[in-house]
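Next up: a single chain in structure tokens, the form predicted on its own.
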């Protein structure tokens, strides 16, 4: 197969109906991520950015690229890993995160929920059987991804959400009429309160497959197995139909989402009665504290 860009017969990756050699793919990938960062001003001089590592390919690729990007922009970069104590998964994911940060010379913060709450994720889930464990996991991670970096003086949290994630979330939310959630599915969600960090998604226009090859070609350590509690999204097949029928349509759809504005009113925040973090609940207790303290 000839590379679509350099025309040499060394293509090793096929993306959106086009074949690429390793070197051209890596350059194209990095150019795409850099374009999103610059267009949306995700990272600027003087920023303090913390990357949320999961141990997987997406966050590994993001951290690797951002570490290279420091040559062009003067910003501080560190990483965090939330240890959920999922058997036969969390320890391996932490090991890969340690390997990656050591390889790149980046400080890793380990947030242990067992030390913070006295419970593992599974123990929290057992006390909250009305909620799916993935929903509980999301509440716990969002809580610490905002609280931990902010308390250490960071002004931005970077997550590895990719193009496929964004499209699945958008379609599901749109059908369910959750427009306020879709309004936040952007490359950047600016802070609207001193206790809210700005959230950035540098891999917004990169797919699952692209992140996998970027991590593989750069020999990055990452866990390839999935969380034992993860389920195949029923929206995944719908998203994959786009590029199967019209190559490149997933990326175009994602770029359209970037520009949408649902004009959703910002919620009224108050401080949680228990932990002091922000909440919009009527009883003044945040979702995290409800999980930990009300059962």
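Positions refer to the first chain, counted from 1. From a predicted model like this one, the values you see are computed outputs, not experimental measurements.
What follows is about the form predicted together with a small molecule, which we do not show.
Put simply, residue 67 is far from the small molecule in the predicted bound form: not one heavy atom of it is within 4.5 Å. Interface membership of residue 148, defined by any non-hydrogen atom within 4.5 Å of the small molecule in the predicted bound form, is ruled out. For the chain shown alone, residue 214 is not a contact residue for the small molecule in the predicted bound form, no non-hydrogen atom being within 4.5 angstroms. Contact annotation: residue 52 falls within 4.5 Å of the small molecule in the predicted bound form, judged by heavy atom distances. This chain is displayed alone, yet in the predicted bound form one of 82, 197, 121, 167 has a heavy atom within 4.5 Å of the small molecule; that residue is 82. Site residues 59, 141 and 160 are all in contact with the small molecule in the predicted bound form, judged by any heavy atom within 4.5 Å. Heavy atoms within 4.5 Å of the small molecule in the predicted bound form are found in exactly one of 125-133, 215-223, 73-81, 175-183, that being 73-81.
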